[in-house]
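Here we start with a single chain on its own, the form predicted alone, put down as structure tokens.
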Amino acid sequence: MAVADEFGVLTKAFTGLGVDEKSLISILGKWHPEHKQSFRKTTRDIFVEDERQFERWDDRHVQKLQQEFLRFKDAVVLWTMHPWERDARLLREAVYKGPKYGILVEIACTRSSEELLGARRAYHSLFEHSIEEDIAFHIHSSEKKLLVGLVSAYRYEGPKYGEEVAKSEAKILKNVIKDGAKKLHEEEEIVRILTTRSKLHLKAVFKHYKETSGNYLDEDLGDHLILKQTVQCLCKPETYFTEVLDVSLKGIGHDFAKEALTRVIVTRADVDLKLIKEEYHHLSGFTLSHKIEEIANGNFKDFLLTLIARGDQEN
């Protein structure tokens, strides 16, 4: 099918004129990010060019489409969104329908500096607030300072870091954890290191921590879940996402599980899904495709399997 014809099928589906679900799955499942961007830019009845330089859904369509594609569990809507808008909406929901600390950490720590900045810009346009002020105002727990620091970070992404500084900060982390503070996420040095250092620097810090303590940092964090998730998302995202998938696939009858499954596959399909699938297979003994085939159903299952298969071809 020609690209123009594919655009026609999707436009018809997204304007409520009829949905050929098999064609929808086939077309969207093979599209690269540039195809989705081209569709957004040429479909002005559905998408709006935002002043902050991204194409966003026309607000009139979002709720209608979420209802229209309910059986897809938001997967189609999220997949066609500009990544900035998608992440902004996920952040908003994590603040207002929870709060869901894991999703806030996930987006803040697994995106590049430019991707996170883009999500923050989209948040301004969509909600007329910053994500930082929403977290600061709506979250009242002791995790607030860490979360604000993570979402507002713009990390250096170059190849340089200080080896001696990394060794020193590994020692700082070791000593703070050894002292046994009950709320490690409030410890000033931990917050400073995790919210400001580059991912390459942090990998060096965590390597030196392992060499001096004998344990991986996330193992020593014990019940401090938000810190464990932060460490994994910054330096071992495939481990974090595998654990999210494992929990969601065991609780697939619940809405939270379907939302998590959708979020991981949709947001990582163009990034590191191959690594996540390998990690999941190692953890569970099953392939991700096999598990989804076993417990999901209908168009939701077919769309997720299409995205997973696409990862086999492209990664």
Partner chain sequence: MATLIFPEHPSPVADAEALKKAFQGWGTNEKAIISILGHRNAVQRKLIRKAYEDMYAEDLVKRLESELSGDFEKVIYRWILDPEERDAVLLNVAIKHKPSPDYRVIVEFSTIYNPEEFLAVKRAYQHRFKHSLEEDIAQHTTGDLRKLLVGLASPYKYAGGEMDVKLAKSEADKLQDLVKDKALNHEEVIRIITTRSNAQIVAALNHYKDSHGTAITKHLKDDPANDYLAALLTAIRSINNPQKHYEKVLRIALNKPGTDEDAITRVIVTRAEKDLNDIKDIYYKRNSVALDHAISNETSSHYKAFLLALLGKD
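What you see is a predicted model; the values in this text were computed from it and never measured. Positions refer to the first chain, counted from 1.
If you look for the form predicted in complex with the partner chain, you will not find it shown, but the lines that follow are about it.
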{"query": "Residue stretch of 176 to 184, 209 to 217, 230 to 238, 127 to 135 approaching the partner chain in the model of the complex, non-hydrogen atom distance within 4.5 Å", "finding": "127 to 135"}
{"query": "Interface membership of Leu117, the partner chain in the model of the complex, 4.5 Å heavy atom rule", "finding": "yes"}
{"query": "Contact of Glu93 with the partner chain in the model of the complex (heavy atom, 4.5 Å)", "finding": "no"}
{"query": "Ser112, heavy atom within 4.5 angstroms of the partner chain in the model of the complex", "finding": "no"}
{"query": "Non-hydrogen atom contact Arg192 with the partner chain in the model of the complex at 4.5 angstroms", "finding": "yes"}
{"query": "Selected contact from Lys100, Lys144, Lys203, Lys167, since only one has a non-hydrogen atom within 4.5 angstroms of the partner chain in the model of the complex", "finding": "Lys144"}
{"query": "Those residues of 188 to 220 which, in the model of the complex, come within 4.5 Å of the partner chain by heavy atom", "finding": "Glu188, Glu189, Arg192, Thr196, Arg197, Ser198"}
